[in-house]
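Provided below as structure tokens are two forms of one protein chain, presented individually as structure 1 and structure 2.
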Structure 1
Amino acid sequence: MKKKEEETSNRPDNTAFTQQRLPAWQPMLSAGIVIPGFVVIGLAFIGVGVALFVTSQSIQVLERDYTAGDESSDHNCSLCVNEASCLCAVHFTLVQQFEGPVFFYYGLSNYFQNHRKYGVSRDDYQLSGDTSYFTDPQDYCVPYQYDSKNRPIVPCGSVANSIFNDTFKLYQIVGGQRKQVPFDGKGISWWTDYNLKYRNPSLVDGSLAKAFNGTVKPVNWPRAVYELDTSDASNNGFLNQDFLVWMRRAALPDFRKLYRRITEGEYEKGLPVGNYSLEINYNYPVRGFGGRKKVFFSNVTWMGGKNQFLGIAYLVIGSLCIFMSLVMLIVYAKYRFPDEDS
């Protein structure tokens, strides 16, 4: 009796897990699953690819590079070679109606918003409205932390300081007269940025300006943050739409950012055929680092802006899948029939 107990007590666990007896499913792929599978995937991808390609082709884009220094028939921005507070204009003609709603982007190239030191140079506590950081900005903002007179900068850091400050006005030339096309600047930044992530400090005596007492504007800004938008009181402080769009760092050195939308009045359906003049307040210097400035007019669809890559990629991969399934079918047929004969 005792010996039997001893023996059984030394036995290892006899569970399904420890004895590798767990019930299992062993996938058994065969030709009957794989070939139809590839065909289905191939067809689905080709379908999606066609949809993407057709949609992308239907998106209209108008792009103009207006960097000073180039002689061009489209624009006279070579006037602005000094790149400081200069007015210039880009002219273009639409031969076809530009379908609405039209989105207007500005683009920069060779501009590394994704540079690490640049990107960490910001104070998210200030931007969430925490006034204790108004008097004492974080060290990451150096050298845009305090100004020469040792006053704290709000919003501090390189990202905020380098905000894009060219402004644009679009005019349609109708019968020799310039007619302004209204721009809509609402909702160009992420909803969560505007409503949750960035918060203005609490008003002091009902005034936003007073909440920023004791601070100074960033070095390169023309006006302080609480008066960024003189026409719309709600578009000030950190909740300025252009500011929020700028603070979302671009992924690549060639990028574009949304500036305005054309959705109001008679331009709701789009820009009609005709001559247009885009007046630019050219402030932002880019020639020093070999950068370029561009503007884009674009439609937007369910897939976003114009990009041929996805459509073509889906078509190519879909075709590849169909081709592979044909190869498999040939291999299957070729080796199966000799088997059955013998």
Structure 2
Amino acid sequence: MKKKEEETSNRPDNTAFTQQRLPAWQPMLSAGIVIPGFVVIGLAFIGVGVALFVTSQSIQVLERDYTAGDESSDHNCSLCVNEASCLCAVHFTLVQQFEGPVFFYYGLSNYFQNHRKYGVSRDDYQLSGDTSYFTDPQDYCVPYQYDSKNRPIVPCGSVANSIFNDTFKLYQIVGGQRKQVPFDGKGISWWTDYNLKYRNPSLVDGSLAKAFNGTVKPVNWPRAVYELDTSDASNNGFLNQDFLVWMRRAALPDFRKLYRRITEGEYEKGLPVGNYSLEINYNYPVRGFGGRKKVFFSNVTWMGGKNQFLGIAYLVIGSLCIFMSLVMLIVYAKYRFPDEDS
């Protein structure tokens, strides 16, 4: 009797909800619904695809490869093939106005930033400004955790150590004279990186450098992290814009990263027709892993930078929807049952 009472008490309430007796609706898909639905979806996708493709075609892109050791008529960077650091230049001519704002990128190929061991070789506690990890970096940073004298490296790890360090200056050639085109490097990193993910340590006696006492710079860096930008004190430490751009790793082995924008002065509306010279401080080695270095000038639209894949993908999916609607219409017309018309 007791057992029967326990079983009764464990039963759910006899309601429509607990006994799953609520009214339900199930769509009845018929040819009259599915075929027009496919047509509408296909036309919508084709319309979006055409808009994306046409917009992408209107974006201007200028690309130049300046890998040292390659003979080229538009650059002399072959002079830098055996030099640790040297100057070279890429020359180009614009035959039409390059509409602004103009974005300037550097690009690398055959560079696997998405490799797992490379990607985890960093100390996020360091990068968030936690000074307790300055003197005791995490093991993820090996082999760039300590230097040869067992001094802690800040920022540690392979990602930080391999930061891209070529620098660029752009000149317009006017009447045989060089006129420098101003670069704008503010706000080129992701907002979340600058405002949330990365933090500088608290100042010690009003000095950022003193917060890094007892540490050393990464092996391949010419200067410490607190003096990356000698012209702007606010652009130093872990909040340096170029550092933040590099630390956001690329997903593919061929990638480009934003270096500067051209938005100031007489170049606010773009680069006018004429001859230009891009002066390069050639530092970053790529021939050891078969990589290449490029520079890109590009403008953007409402859809972002030049990307034909997205428009083509929409066109292909839309066309497939239209094609499938025709196939279903033919099958329906040939094999439908007589009682479907009643």
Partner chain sequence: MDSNSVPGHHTPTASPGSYCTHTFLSIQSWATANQEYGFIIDGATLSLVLNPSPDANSSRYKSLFLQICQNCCAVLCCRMAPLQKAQIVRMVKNSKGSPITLSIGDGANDVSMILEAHVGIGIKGKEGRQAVRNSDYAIPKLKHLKKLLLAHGHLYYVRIAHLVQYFFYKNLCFILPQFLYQFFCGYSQQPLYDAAYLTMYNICFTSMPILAYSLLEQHICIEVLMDNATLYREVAKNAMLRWGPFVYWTILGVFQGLLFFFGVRYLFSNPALQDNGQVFGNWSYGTIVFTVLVFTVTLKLALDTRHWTWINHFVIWGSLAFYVFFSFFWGGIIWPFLRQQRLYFVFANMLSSVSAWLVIILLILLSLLPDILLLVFRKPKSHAQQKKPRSPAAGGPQSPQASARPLLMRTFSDESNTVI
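Each residue is numbered by where it sits in the sequence of structure 1, with counting from 1. Note that the coordinates shown come from a computational prediction; the quantities given were computed from them, not determined experimentally. Just so we're on the same page, rigid core means the largest C-alpha set that superposes within 1.5 Å between forms.
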Properly assigned, the form predicted alone goes with structure 2
Considering the turn of one rigid part against another between the two structures, what in S162, I41, L208, L271 is at the hinge? I41
C-alpha based rigid-body angle between the two structures, smaller part relative to larger, in degrees, is 15
Rigid core fit between the two structures: Cα deviation of Q20 in angstrom: 6.9
